[in-house]
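One chain is shown next in structure tokens, namely the form predicted alone.
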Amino acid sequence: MSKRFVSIFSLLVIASMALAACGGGAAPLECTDAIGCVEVAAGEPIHLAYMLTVSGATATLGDDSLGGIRVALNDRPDVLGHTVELTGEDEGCSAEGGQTAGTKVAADPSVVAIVGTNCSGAAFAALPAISEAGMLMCSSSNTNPGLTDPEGGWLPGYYRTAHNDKFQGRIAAEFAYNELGARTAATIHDGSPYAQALQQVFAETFAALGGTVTFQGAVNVGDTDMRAVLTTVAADTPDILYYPIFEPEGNFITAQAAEVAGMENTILMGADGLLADTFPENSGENVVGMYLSGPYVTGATYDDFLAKWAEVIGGVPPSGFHAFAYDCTNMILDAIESVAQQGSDGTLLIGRQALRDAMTATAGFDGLTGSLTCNEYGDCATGEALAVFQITEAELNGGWPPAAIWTP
């Protein structure tokens, strides 16, 4: 071998070593995912979005979930060497708001995953665009059974840590029949997928237990005078009235029930849509003594979370789904960590189908709300994190939250 050839060969070896040292020899990341990938460049944040109700009478629900997301991100400021950027849309707790929010978020290809929506009606409207875009969405408070029913509205990419109302409607009816001794019941809903499904599960369970359902009626979102429907309810003097709706309609029913003859001895009961710190003060004296079914989380880990909330957000959570939003966020971040391809320069390539598959495969996740295992249609909760609460003078006068008085 000539000296000249050896010299050239040596230079080539040195050059190849230099390229390898600076990453030049590394194979580029390649997306082979069936529905595409999100590329996160070196030094750029991972983009998460929320779709929550953060304005109007239901803003308490959105603020509550948003706080849970922010506590989770405060706990995990770095994911695979990247910060996390959070942007959001107001879904307004309506189908129209959900469709608008879903269309906007789905149009942004940098969004890796979404926490939301709060309201089931908004979810049904947002999901087509989100699913078609290949995105993943995890809800902290959607409870309508159809969202995780392949025959009822489920679409790929949907998950929830919130309980299915098949659980909540059942435990509310069991409490009314077995604990309160109610034998007749009436229900009122507001036409929303959430309220309509929940009151139906309540009514069917109550009847199966041996009770009589005297009336199932509805009000419209935006109604303020509830006396006509309450007069119809009162005609049969039911033992209990179950109205799983939102503010402000729930406030008007609660206050005006005191004005209707025949309602004097009827027990009032709502659900998690009214489990908000604004509900007692907006309803007045007649709220004292009424019951609410809704999410219930307890334990030392949850106490630690509340301390973080006080530090990061301030005060106490205003509604009941903050822990579920915290769990959604951490499950998404875990899924990202498990599937992202990492380039030598810090670039990430996140497969959208791979991300969905990782969420579906979640099993035994140790969350604030319990041990979470997702099924193929996105139900990840067991329904165990539920209780019945009773409103007292303390809540009417600004205290929050009410005490849980019964757990199933």
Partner chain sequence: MLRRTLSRVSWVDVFLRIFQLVAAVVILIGLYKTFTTARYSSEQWATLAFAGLAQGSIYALIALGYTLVYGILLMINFAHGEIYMTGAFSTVFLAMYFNRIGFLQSSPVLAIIVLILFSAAVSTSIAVLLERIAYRPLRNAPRLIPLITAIGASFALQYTFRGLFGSQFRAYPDIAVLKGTWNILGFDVPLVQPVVFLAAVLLMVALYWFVERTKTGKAMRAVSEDKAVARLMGIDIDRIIVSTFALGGALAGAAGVFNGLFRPQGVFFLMGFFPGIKAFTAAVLGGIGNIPGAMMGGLLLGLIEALGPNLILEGLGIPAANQLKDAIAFLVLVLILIFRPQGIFGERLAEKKA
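The shown structure was predicted, so the numbers you read here are calculated from the model rather than taken from an experiment. Residue numbers count along the first chain shown, from 1.
The form predicted in complex with the partner chain is left out here; the points below concern that form.
Although the partner is absent from the chain shown here, none of 110, 357 and 377 has a heavy atom within 4.5 Å of the partner chain in the model of the complex.
Contact with the partner chain in the model of the complex, defined as a heavy atom within 4.5 Å, holds for exactly one of 74, 83, 301, 224, namely 224.
Residue-level contacts in the model of the complex: of 181, 262, 150, 315, one residue has a heavy atom within 4.5 Å of the partner chain, and it is 262. Only one listed stretch (164-172, 267-275, 334-342, 225-233) carries heavy atoms within 4.5 Å of the partner chain in the model of the complex, and that stretch is 225-233. Taking the partner from elsewhere, residue 56 is found to have a heavy atom lying within 4.5 Å of the partner chain in the model of the complex. At least one heavy atom of residue 256 is located within 4.5 Å of the partner chain in the model of the complex.
Shown alone here, residue 284 lies within 4.5 Å of the partner chain in the model of the complex, counting heavy atoms only. Within 4.5 Å of some heavy atom of the partner chain in the model of the complex lies at least one heavy atom of residue 218. Contacts with the partner chain in the model of the complex, taken as any heavy atom within 4.5 Å, map to no residue of 363-392.
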